[in-house]
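In structure tokens, the next block holds one chain alone, the form predicted on its own.
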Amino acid sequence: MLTDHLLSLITFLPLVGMVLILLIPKDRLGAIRWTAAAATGVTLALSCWLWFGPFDAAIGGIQLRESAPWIPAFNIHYTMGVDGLSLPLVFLSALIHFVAVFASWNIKKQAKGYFALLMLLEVGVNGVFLALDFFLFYVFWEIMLLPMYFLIGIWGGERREYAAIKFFLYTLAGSVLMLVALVAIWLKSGGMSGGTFDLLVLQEMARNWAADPSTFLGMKFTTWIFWFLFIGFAIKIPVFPFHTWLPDAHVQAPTPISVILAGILLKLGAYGMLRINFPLAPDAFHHFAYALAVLGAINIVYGAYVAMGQTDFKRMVAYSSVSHMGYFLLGAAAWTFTGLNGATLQLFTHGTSSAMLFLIVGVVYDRLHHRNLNDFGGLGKRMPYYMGLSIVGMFAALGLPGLSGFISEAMTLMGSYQVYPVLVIVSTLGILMTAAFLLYAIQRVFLGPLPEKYESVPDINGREAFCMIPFAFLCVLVGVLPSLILDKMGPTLELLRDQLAAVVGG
């Protein structure tokens, strides 16, 4: 049956697309584009089928598991599976990569290499969300690194080399720490005498590790692996103070790559924390949860504060992502059912709104060839359809009631208030500042007198609208019916909470 290998198809169909693209002559630009569109489109269709078909929302555990020996000498398996945590992110990844292909329609410079790397990037992202073997997870995690490096470094802006190298070094540093933790966990689980990389088995073993009082250099084993894994994943989110690569990468990356980076790549770090970091070191997570909550609050307030001072439209949106990802860390650190649901929903809602915001920036940059907020004005008169779609995306990011950002942020803050009331009160400053810089951006871009030099600027075209409308639709749909996502995630998140409670109590 097709469902027996559905997860593998979702993961590797873009790889088939990449191979086909490499076989197409480089001068056949249309064939290259449509091959990429077909590969990502079929992947999106399969992810939709997974959502509405074989996936059972009532089951909290892993479903549609696929497993086969890969490197038997080290007990490494090709193991894939999906649950309520990974399902929404797999769908979001498929949607964003599909839209990114059409957002890349005007890419002509070395288009064959560009679209091939885009396909490889999707393989890595989907693989991370579906892998249940830690070694396999790490392989997919590393697969993402090189495509993104080249996509920024070759097709980016004037300082693309600097931004690409900075992204590479930060991410590589996190990967090295993750690799050290991976090897240590394998050795702790038995090494050559029966060690395993199976994440579900390791989660059971972690209960014994948490109870082991022995230390190395003054810290327990679980404390060591917690911080090694946390830093590795925190760089990807990014968590303050590991965030400085993100604004440079966003500003220099081409628009479709910024869409992928903000829409789904930042979510990989958060997913890694929930899937690996916290379950494999539950006692350390419980002990340091307040420190994580403080970092989340810093992200929320600091990111919004810095965004207020930006005159570059794209850099402003980049810092808004730093702020919005802070909600995930705050809610996850609280580990209440409401906070955890809100934090995980925030991954999806921010993925849609941030992707839309970068498309908004890309549309106006393609026409005016600059991103200086102080040099816009009055564009709503010439671009009313663009203005309408932009306001939906900005208000969703702002957290307006009725749109997706509101429900995820409200649930996160309500759940976190039960545990960290002071930090939640501090974090509300970030909400006020987010409203301030987004409303100010709307004013500077769309309102006021129209400069004479913009009298002939055309409105949004069909291809650009095709890219933005799915995200606008989801911003409204999830804002009105958040249960569409929450019902899928709830049983899995409840299971995660119960697993932690079994180790640390409460």
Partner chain sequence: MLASLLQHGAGTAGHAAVAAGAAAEAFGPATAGWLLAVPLLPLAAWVVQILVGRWLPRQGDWLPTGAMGAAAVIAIWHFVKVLALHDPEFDLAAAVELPRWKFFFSDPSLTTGLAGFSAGILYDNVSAALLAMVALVSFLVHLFSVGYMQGDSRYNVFFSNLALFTFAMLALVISDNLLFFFVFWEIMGLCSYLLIGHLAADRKEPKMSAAWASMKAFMTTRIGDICLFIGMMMMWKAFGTLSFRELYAAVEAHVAGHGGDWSPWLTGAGIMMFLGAVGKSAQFPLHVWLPDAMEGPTPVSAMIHAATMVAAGVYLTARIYLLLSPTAQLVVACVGGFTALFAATIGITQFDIKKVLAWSTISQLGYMICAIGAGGVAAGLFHMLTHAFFKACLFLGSGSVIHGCHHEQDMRKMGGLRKKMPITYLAMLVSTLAISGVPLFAGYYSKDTIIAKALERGLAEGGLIWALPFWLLVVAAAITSFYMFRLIFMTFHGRPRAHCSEHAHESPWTMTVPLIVLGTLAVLGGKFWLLDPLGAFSAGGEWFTELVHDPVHFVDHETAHHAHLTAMGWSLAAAGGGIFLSCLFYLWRRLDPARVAAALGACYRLVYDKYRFDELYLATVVRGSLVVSHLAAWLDRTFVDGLVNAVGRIMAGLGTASAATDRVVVDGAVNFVGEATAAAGQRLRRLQTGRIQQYAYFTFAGAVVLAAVVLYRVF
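Residue numbers count along the first chain shown, from 1. What you are looking at is a predicted structure, and each value in this text was computed from that prediction instead of being measured.
What comes next is about the form predicted in complex with the partner chain, which does not appear here.
Trainee: Exactly one residue in 209, 395, 137, 226 has a non-hydrogen atom within 4.5 Å of the partner chain in the model of the complex; which is it?
Mentor: The residue in contact is 395.
Trainee: Considering non-hydrogen atoms and a 4.5 Å limit, which listed residue (231, 180, 205, 294) is close to the partner chain in the model of the complex?
Mentor: It is 180.
Trainee: To test your reading of this chain, name the stretch in 240 to 248, 127 to 135, 259 to 267, 364 to 372 whose heavy atoms come within 4.5 Å of the partner chain in the model of the complex.
Mentor: After filtering at 4.5 Å, what remains is 240 to 248.
Trainee: Using the partner position in the model of the complex, report whether residue 440 sits within 4.5 Å of the partner chain, counting heavy atoms only.
Mentor: Judged by the heavy-atom cut-off of 4.5 Å, residue 440 is in contact with the partner chain in the model of the complex.
Trainee: Would residue 221 count as touching the partner chain in the model of the complex under a 4.5 Å heavy atom rule?
Mentor: Yes, residue 221 lies within 4.5 Å of the partner chain in the model of the complex.
Trainee: Could you tell me if residue 29 has a non-hydrogen atom within 4.5 Å of the partner chain in the model of the complex?
Mentor: No, no contact at 4.5 Å.
Trainee: Can you work out whether residue 480 and the partner chain are in contact in the model of the complex, taking contact to mean some heavy atom pair no more than 4.5 Å apart?
Mentor: Residue 480: yes, in contact with the partner chain in the model of the complex.
Trainee: Could you run down 416 to 437 and flag each residue that has a heavy atom within 4.5 Å of the partner chain in the model of the complex?
Mentor: If the 4.5 Å heavy-atom criterion is applied to the partner chain in the model of the complex, 416 to 437 yields 417, 418, 421, 424, 425, 428, 431, 432, 433, 435, 436.
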